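One chain comes next, on its own, written out as structure tokens in the form predicted alone.
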């Protein structure tokens, strides 16, 4: 049994016997002792003062005496106010490491029977993926991996916004100024090519609007609106151009996704889903969930949940985004019968999702109580915000190249990498992508952030390469082994060093960190955990000898600790979508 669970169960017995009071194990506050105090685990005893009718120090002493007499793994304790710090016998740690080493998938929670959909990315087809998209994509990918590791079945999805005025802007600009160029004729990725014409449209629109009255639209905007009408009327030539240009974009998106190591289980398209909610709204209107204004528009009153009145259908019967989202949510339930769904969307849409979730509750959808908006803050650059219309966004593909280039340059300056050219390229790719992903994921999603490519690749501090280097050092140690090690000696190692115990205490927390990250929809929990493990491991290697340990027991224990730490770091980084290099 894992030691914290054992402590909790014995504390329940102690409180029952000492104070005739029943507590639940899940309510007990047991955590690793802070580094500045002596002990391995700390129990907070303040919650027992009412039942015991005693002061915290007296309660801590009585529970401490009970545990040391009843639990062989507890060898002693000390008390600091209402905190009981417990010492665990060294033999426990040797046995625990041996057990941990032989667990094939430590951290994987048993299946809980829940099916969850995670929606992320969901780009428009008028521009390439950029830095803002990358935070979305990586948060969605990491969250889906973490939620699956916590025992859920996960379906990864996106809905591509492939219709509307935005794509028509790119289409009309290409039609007017493109001279028939294609990704093949000019060697440009399709999403970049279409994005170029979106920028061109906005440039021309701005130029034309500058000489017109404020209320009058430019000629190119009127042409785009006319093209949208033709699309909605299913005009063959317009539909053919739309399919062609969207095809270019999809090919570009897929290349970027492949470079990031990201996939989806199912893809929905707005052009196929934007009408889905209309029938639901008409039925809801009949049932009194919605109401109709004199102009024919349909609304819902959400004042009872401290929101306002929300439009769900225009007066001309056309849908709005809310219409589509209601229908798409229903369609997904019909497709997958999911228990819950998470939407990864920027915090500028907080109100929209609050309203959507309340509408689905009022419609009594069976999944409505288990919806979550993983709301994230904007990503800025050191020099400020990005603007798609002006073409000042940081393109995802360019950013990937830049970060990998930073790694390559730093590697060449160090001149330390002993590998073939092909191996070097792969290492630079792994380290560069690791730097990029970690930098975007280490920040709590709710917070805005600044991305600095140079800072992200630093080998010191809280970066991906710093953590990857811990793994690389482990592989280097294992390569230097000149003899077979008898790991049966591990259980005989009794002189546990503080640095060794600190690493083990952190490794033991891995399943709990996974569950907490899944519950909070927060991959930064995993990112911070990896940094804590790597930091503790670097200190361990600095302070103790591994290959030249004084005894065979110490050598076996430390090598097993190295291997286990490497396995867990690799597993945790995989949850963030980050690979581990063998060399750096």
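All values derive from a computational prediction rather than experimental measurement. We call the rigid core whatever largest set of C-alpha positions still superposes within 1.5 Å between the two forms. Positions refer to the first chain, counted from 1.
Same protein, other form: the form predicted in complex with the RNA, not shown, and the subject of what follows.
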query: One residue of 102, 447, 72, 364 in contact with the RNA, assessed in the predicted bound form (non-hydrogen atom, 4.5 angstroms); finding: 447
query: In the predicted bound form, the residue from 546, 533, 52, 67 that sits within 4.5 Å of the RNA by heavy atoms; finding: 546
query: Stretch from 137-145, 234-242, 83-91, 257-265 whose residues place a heavy atom within 4.5 Å of the RNA in the predicted bound form; finding: 83-91
query: Contact label in the predicted bound form: residue 476 to the RNA, heavy atom within 4.5 Å; finding: yes
query: Residue 251, heavy atom within 4.5 angstroms of the RNA in the predicted bound form; finding: no
query: Residue 279, heavy atom within 4.5 angstroms of the RNA in the predicted bound form; finding: no
query: Contact of residue 465 with the RNA in the predicted bound form (heavy atom, 4.5 Å); finding: yes
query: Non-hydrogen atom within 4.5 angstroms of the RNA in the predicted bound form for each of 182, 184 and 275; finding: no
query: The RNA in the predicted bound form - contacting residues of 31-46, heavy atom within 4.5 Å; finding: 33, 34, 35, 37, 42, 44, 46
query: Large Cα move at residue 54 between this form and the one not shown, threshold 2 Å, rigid core; finding: yes
query: Threshold 2 Å Cα movement between this form and the one not shown for residue 541, core superposed; finding: no
query: Core superposition between this form and the one not shown, C-alpha change of residue 554 at least 2 Å; finding: no
